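Only one chain comes next, encoded as structure tokens, the form predicted on its own.
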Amino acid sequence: MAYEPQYYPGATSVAENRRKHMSGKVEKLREISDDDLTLVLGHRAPGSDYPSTHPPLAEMGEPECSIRELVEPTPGAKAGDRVRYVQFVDSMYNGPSVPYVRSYSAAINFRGVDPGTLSGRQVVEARERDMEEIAKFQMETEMTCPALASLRGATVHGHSLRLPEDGVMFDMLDRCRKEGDVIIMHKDQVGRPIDKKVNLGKPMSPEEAAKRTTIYRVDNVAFRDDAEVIEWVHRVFDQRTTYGFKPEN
């Protein structure tokens, strides 16, 4: 019998959505072109070559290494790409994902990544073309709603403020706006104006966001409503505390 990974406990919709994000089995909701992705990330000009920090691995003539022979390098590592980042911010108002879940998703489903998790933001560092693959995956799927999640490489603050009347998460640098029934991005992730507006697609309705979110909220799915999650959080806390106090246990 094949082993089925158990990514996250719980019987609620929030627990199920977390399992989907962690497993990578998420629904694709929109298309972001490669040039548009490059524009909003802001690391290089669309259509330009990937800058490198070293020659391709095949040209470097490195010494024999059993580990190197076992581990297939990522496309970015093979080509010698520099390391770059993508950083997401998720609204607390039923945003589709949360920083820890984004980190789990990146670490479980992609190789050569360095995810970082803070209270209200999540960053992934990787070789540039590998990072773009992760960014595109998360932006095109149900892991992201263009109104309730955004790319913010700088000045991330404001995600926890109330949503304005149009339902788009507050942004001090005004990177995203709602125009008609879609969200457009007219600045890159650090707030620099870009040459054209990038259409990020339609925002989720409040009902759809509440259904797809991975955030526990008392006005949607409360954390304490999921008995199995509570049990496992208590178990982890108890075992970490017990080990720290008396390792022989």
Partner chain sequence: MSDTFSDTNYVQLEIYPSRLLKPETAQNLLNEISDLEGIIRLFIHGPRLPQTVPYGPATGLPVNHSGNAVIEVAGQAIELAVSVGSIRMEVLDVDVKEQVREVCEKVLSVPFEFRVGHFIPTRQTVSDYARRGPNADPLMTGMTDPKGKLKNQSICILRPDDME
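Note that this is a predicted model, so its numbers are computed, not measured. Residue numbers count along the first chain shown, from 1.
There is another form of this protein, the form predicted together with its partner chain, and it is not shown here; the text below is about that form.
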**OP:** Among 117-125, 167-175, 101-109, 73-81, mark the stretch whose residues have heavy atoms within 4.5 Å of its partner chain in the predicted bound form.
**Re:** 167-175
**OP:** Examine residue 193 and determine whether its closest non-hydrogen atom to its partner chain in the predicted bound form is within 4.5 angstroms.
**Re:** yes
Original post:
Heavy atoms within 4.5 Å of its partner chain in the predicted bound form: does residue 212 have any?
Top reply: no
Original post:
Can you check whether residue 92 is within 4.5 Å of its partner chain in the predicted bound form, heavy atom basis?
Top reply: no
**OP:** Taking its partner chain as it sits in the predicted bound form, which residues of 34-71 have a non-hydrogen atom within 4.5 Å of it? Please list them.
**Re:** none
